[in-house]
Structures are given as C-alpha cells and as structure tokens.
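Presented as structure tokens, the chain that follows is alone, the form predicted on its own.
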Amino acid sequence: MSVDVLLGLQWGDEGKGKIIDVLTPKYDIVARFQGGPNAGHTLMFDKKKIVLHTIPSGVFHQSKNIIGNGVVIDPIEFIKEVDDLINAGAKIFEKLLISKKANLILPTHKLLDKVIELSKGVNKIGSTLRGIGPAYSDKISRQAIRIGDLSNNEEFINKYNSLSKKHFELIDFYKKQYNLEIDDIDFTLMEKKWFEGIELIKKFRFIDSEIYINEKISNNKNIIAEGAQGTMLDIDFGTYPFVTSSNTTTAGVCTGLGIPPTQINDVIGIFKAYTTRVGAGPFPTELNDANGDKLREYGKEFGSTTGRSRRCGWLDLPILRYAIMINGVTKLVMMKADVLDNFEAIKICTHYEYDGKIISHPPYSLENNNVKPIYKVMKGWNKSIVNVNKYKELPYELINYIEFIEDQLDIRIEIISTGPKREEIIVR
C-alpha cells in the first residue's frame, strides 16, 4: 500500500482535524510529519470539543497514531493534551507511538522565542511564542535533543544542561542589546512542569518511525500523513518570512516520516470556502470591513491553540493554484461552506494584477501593496445548509460556487463540510 497525504492549502486553520477524524476509519495509521504545539486541530463529536496540538487526529479510532521525526514536542503541552484525551475516553497509551528522532522543545526555547520576537519591534512576524522556531533552529544546527536521547538519563541531563546554558547566554544577549524584560515568566515552575512531561513521554513506545512505517507499507497497511499549519506557511514556499519553521507541503512527508516519494498516492488538499490567516504577513483578499467581521463571527475564527482572532477575507484562487501545484493535490475538500450562508453576494479572487500584468499565481514577493486582487462576484444562497446531506440538495448558488472553483482549479471538490460537527459533511 502507499501513503495518502492530507494537508492545508492556505495559511492554516482549514479544518484538517475534522477531515482526518472523518477519514481515519479507512486507515490503519495516522502520522503527523511536521510542526509542533503551534498547531491546533479541533474535533467536534458527541457534544465534545477536543483540541489536538501534537498528537494525530486519529486517536479516537482503532488506528495507530505516530508522531513523526519531523515534529517538535513540548512536554508541558503534551501533558495537557494527554490529560484531555484520557478524560475524553481515548486509549492514548495503546494508540500513540513516538519517533525516536522527533525533537524536544525546551523551556528555554520559549524564552528565546519571546526575546527574538520582541527584538524585532514593529517588524514582528506574529510568532506563537511556543519555541517552535528556536527548536527547529537547534535541529538544523545539529545540537537538538531528541526523543531517543531519553533512553540514557545521564547523557540526556548533560545535553539538557549544556543546551540550556547556551540558550541563556543568547537570551541575556538579546535582553541587554534590546533592553527587554521577560521577568513575568516563572522559569523554575516551567522547568518543573517540563520534566514532569518528560516522565509522561517515557511511558509511551518510542520507535524508529521510518522503519516502522515502511514495513507497514510493505505489509499493505493503509496510512495517512497528517499535516499541520498550511501550505502558505511553508518555510520555503510560504509568504516568507511570515511562515512557520517546517515544511508543511507534501515534500515534508518524505523528510518528516522517512517515506520515499514513490510511495505517496492521493494528496488531499483542504481549503476554506473563504480565506483566513493569523498573525502578521501579506493577505491580498483581507477584508477590514463588515464582511470581514461577519466571516469572523459566523466562522468562529479564533485560534484553537492561541485564541487569537483570525484575519478574514474572500477566497483566493491564485494561492490555491500555487498550493495545488507544489503539493501535487489530487482531491479537494472545501470546509466551512456554511459560514457563507448569510451573504447576498460573495467574491472570489481569480487573479492578481501585478506590475501591470494579470497573473494567476502569487509572485516572489506577495505584499498587499504590490498585488491587486481581481474579483468575480457571485450570488449568495442566503439560506442555511447545515442539515443538507446530499450534494444535489445544496442551493443552486452554492453548487454554482463550487463548480466555478473546480473549473478555475481544474480539480474536483470531493468533500464539502456544511457545519462543525463530524456528521455535517457531504461526500460526493
């Protein structure tokens, strides 16, 4: 068997958790391949709301769940997540496996993240301040601490002390250089909780995930790789520098799980029926008006991890074309179509005007002041679709909206989400 991939095509928050939860019964293994607790996958079922940050979204099914080598793990956040899952009835210790090559986020990574962001002043990129960037920086500079290091406690402690010392030297430099104060953080308490998290992590099974997954492929097991964040936050192909610190695209599956490119089958790309992003960075179709407020209110557009309100705007097809191209998307999923239920008119950005030309993909430098969105205005359906469960029963205007997008992107929308709950979905 080969591996299917599910990932976001915008700036994250597309609704990947719900779709993974819906699709998981088809798969034996669900594997996270990048990102850390800056991700937030929300599951809604049985009148419960579960937010996952590091653990894959298949934990309420029979599948095995793997945290891959491309993921960074914060033991403090991990404790909270495991507690929430146990309270919700998930058999987490039976179902979760952790790659020995996954990297740890240290308490000092969070402090570093904060002083680096503060040092940028008005040029902040909108970091979640969860230590993600500094943790990946240590990985690239070959000084990170990995899950496999926990097997030798003395060596692990020595590595921890050495790396923490280097971090504090950097933190002190930033504080003096930029006259920064971060004294509101109780580091002693943070470190205590971190080591408690380490003890919890030790209760799980550590694996050589690249060997494990490839053996399962050879044994014809069904596997789905679950992405975090979104394509336009990819460290290479996103709106740099306003991006995350890992590869959020299909290519990240190969490096984040150890899967050869030849074993990737379907790539399922998820997008909202409109567009959102969190934090700073370019956003050509952003709406700073009543329509933007309406999208935010109806879509409950507040981060599941940070709680930050999301910026909202119309659907951006140049972004989707680009994301489909670099990911090799074979199937599309449209989320939150119901959020557009109460609009008389809906706009879709089909192209940009850039440097006197009409372009269909984002340019190298995508800034709000150097591209002008070209819109097509479409009639809204102005009625609720939450209880509709068949494609042909959707309002004509919504079907028209869907088919226009398919025509522009030259790819079929296989799944339409009509509400936040697991069962509020149409599979064509």
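Everything numeric in this text was worked out from a predicted model, so none of it was measured. The first residue of the shown sequence is 1; numbering continues from there.
There is another form of this protein, the form predicted together with a small molecule, and it is not shown here; the text below is about that form.
Proximity of Gly40 to the small molecule in the predicted bound form: non-hydrogen atoms within 4.5 Å are present. At the 4.5 Å threshold, heavy atoms of Thr24 stay clear of the small molecule in the predicted bound form, well away from it.
For the chain shown alone, Met335 is a contact residue for the small molecule in the predicted bound form, at least one non-hydrogen atom being within 4.5 angstroms.
Val339 belongs to the set of residues with a heavy atom inside 4.5 Å of the small molecule in the predicted bound form.
This chain appears without its partner; in the predicted bound form, the one residue of Lys101, Lys110, Arg310, Lys95 with a heavy atom within 4.5 Å of the small molecule is Arg310.
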